[in-house]
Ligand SMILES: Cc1cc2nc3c(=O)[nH]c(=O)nc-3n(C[C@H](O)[C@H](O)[C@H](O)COP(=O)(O)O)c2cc1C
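For reference, the chain that follows is the form predicted on its own, supplied as structure tokens.
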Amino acid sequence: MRDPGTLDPDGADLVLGVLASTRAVRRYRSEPVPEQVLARLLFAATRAPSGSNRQGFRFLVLRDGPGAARAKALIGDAARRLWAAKEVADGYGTGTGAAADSPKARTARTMRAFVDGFEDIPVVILAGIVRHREGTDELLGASVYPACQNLLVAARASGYGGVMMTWHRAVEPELREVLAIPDDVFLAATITLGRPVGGTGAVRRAELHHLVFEDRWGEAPGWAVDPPGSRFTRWRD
């Protein structure tokens, strides 16, 4: 078997294609994620860099066990409360959101279906990191969020999809008790995983010249040009 850490000469284009089509997936088929797939995705996650290569990241997989059922219910309840508040505060039902076919309205419907069916999501993963000394969450996150992105990219490459969120924070004390999570573990993210409903394709993002500078803040270099065929969102300062 080829060393999974090597690439063939054309591998760069393959990797870039996967990266450019790794989108937030919130609609999943009901089918379970096979254990061999989970092992592969978590292998990819654990290949990520971490501070001093301490590899303090840990991943708690929640599928259909008794602890998983209770944890999913806790996070699901929190997700429904938090989304309901955000939906009102951000005006998802007003302005362009009043039109059923608008992007804003479609997002609201997707989010509502996502939170309403949270307990039925095939796999929920809590990503954490063991504290080795006192430090801010931002410093700790630098050693676990790359692993989370590795997992999501590997999921896309394997025909699956997911999304990362922090809704667990609203019920973190209860989760720690239910799942026996030690106090010295920083819970950085919740990641949902499953086989996507619908198709996949390139994500839309802002053009490079809005986001990449050289030598001076705000000065875009001439070489910061997107590949042909890239798709873009409307730029907002």
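Position 1 is the first residue in the sequence shown; the rest follow in order. These figures come from a predicted structure and were not determined experimentally.
Missing here is the form predicted together with the ligand; even so, the following discussion is about that form.
Taking a 4.5 Å heavy atom cutoff to the ligand in the predicted complex, the contact residue among Ala24, Ala220, Val15, Val225 is Ala24.
Taking Met111, Leu139, Ala73, Ala98 one by one, only a single residue has any non-hydrogen atom within 4.5 Å of the ligand in the predicted complex, and it is Met111. Using a 4.5 Å cutoff between non-hydrogen atoms, Tyr160 does not count as a contact of the ligand in the predicted complex. Taking the partner from the other structure, the ligand in the predicted complex has no heavy atom within 4.5 Å of any heavy atom of Arg176.
The ligand is not drawn, but in the predicted complex it has no heavy atom within 4.5 Å of Ser102.
Of the heavy atoms in Arg205, some are within 4.5 Å of the ligand in the predicted complex. Exactly one of the stretches 60-68, 43-51, 30-38, 165-173 approaches the ligand in the predicted complex with heavy atoms within 4.5 Å, and it is 165-173.
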